[in-house]
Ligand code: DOR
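Just the one chain here, the form predicted alone, laid out as structure tokens.
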């Protein structure tokens, strides 16, 4: 991206976002709603979002938290194999996707899927196919931590083959194997986070342990990051930005049982602008990565919003209330100059 004074991004979207609930929701939701037109909201609350009432009440709490910001929360259900066609059809206008978690593999996922037997999953997944409801998957096994995502690829392949009309989103991919899978199956897509474009495992644990960079899936090797960078910077038509911004209170991160998650929501667009400029990728590619691809893949039309970024040093706050962001206390190259609704 050529060095310019300002960059204007239209209708930016975050296709994988954790907003939590209660006080945390009220802290973080306005930050995303200020600079993004919309986001796909993760359902792994306690208890998870599994009913029509859950979806509608959570959306109401989000809209209340963001106040007058122009922002669309694209709601999701926590996947259950017993969802039937009638139930899903009744919710079709209220949800954008359904999120599948392997049981116990990440934060608040204990009620997830324990096995991936196609016949057990068939009724729900065929209903989703018929209703054109995308399936978002946190794709990890419970194997050795650096191999978990690569080990999950055969599950993606099995599901993509068994349900060719089902749109499957490989969430927050981190490996070269996941990137390669994109082009093998027409119905596989992916989200990529900000932090996995910047860091490797060495940044997390190569020196002093940096708990605010600890996440699941864990950051991988340099060659994995290079594979992610390639498809993000070229705005591969099957990838889109999903921050997986996952806020936790500072005490939960800076503890012996460090919670998994990197909080990037308030600095994501600024850092992406810096990243694309550093790699001399044109602004059109950034626009496609943070909005255009997602609109096409999901078939959504977000609220109109233009975010003007100015190339001017921005000192990232040490914390937003009790939540420490990525790059806390550091200076990045871009700041948000103005947000224009409509």
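Positions refer to the first chain, counted from 1. These numbers were taken from a predicted model, which means no experiment stands behind them.
We do not show the form predicted in complex with the named molecule, though everything after this point is about it.
J.: Pick from 149-157, 234-242, 182-190, 258-266: which stretch has non-hydrogen atoms within 4.5 Å of the named molecule in the predicted complex?
T.: Comparing against the named molecule in the predicted complex, the contact stretch is 258-266.
J.: What is the one choice in 200, 250, 106, 141 with a heavy atom within 4.5 Å of the named molecule in the predicted complex?
T.: Among 200, 250, 106, 141, a heavy atom within 4.5 Å of the named molecule in the predicted complex occurs only for 106.
J.: Could you work out which of 100, 173, 246, 169 is the residue within 4.5 angstroms of the named molecule in the predicted complex, going by heavy atoms?
T.: For this set of options, the contacting one is 246.
J.: Establish, in the predicted complex, whether 10, 37 and 296 all lie within 4.5 Å of the named molecule, using non-hydrogen atoms for the distance.
T.: No.
J.: Is it the case that residue 95, even though its partner is missing from this view, gets within 4.5 Å of the named molecule in the predicted complex, heavy atoms only?
T.: No, residue 95 sits far enough from the named molecule in the predicted complex that none of its heavy atoms falls within 4.5 Å.
J.: With the partner left out of view, is residue 80 within 4.5 angstroms of the named molecule in the predicted complex by any non-hydrogen atom?
T.: Although the named molecule is absent here, residue 80 would stay clear of it in the predicted complex, with no heavy atoms inside 4.5 Å.
J.: With a 4.5 Å heavy atom cut-off, would you call residue 121 a contact of the named molecule in the predicted complex?
T.: No.
J.: With a cut-off of 4.5 Å between heavy atoms, is residue 72 one of the residues that contacts the named molecule in the predicted complex?
T.: No, no contact at 4.5 Å.
J.: Residue by residue through 205-225, which ones have a non-hydrogen atom no more than 4.5 angstroms from the named molecule in the predicted complex?
T.: Read in sequence order, the residues that approach the named molecule (within 4.5 Å, in the predicted complex) are 215, 216.
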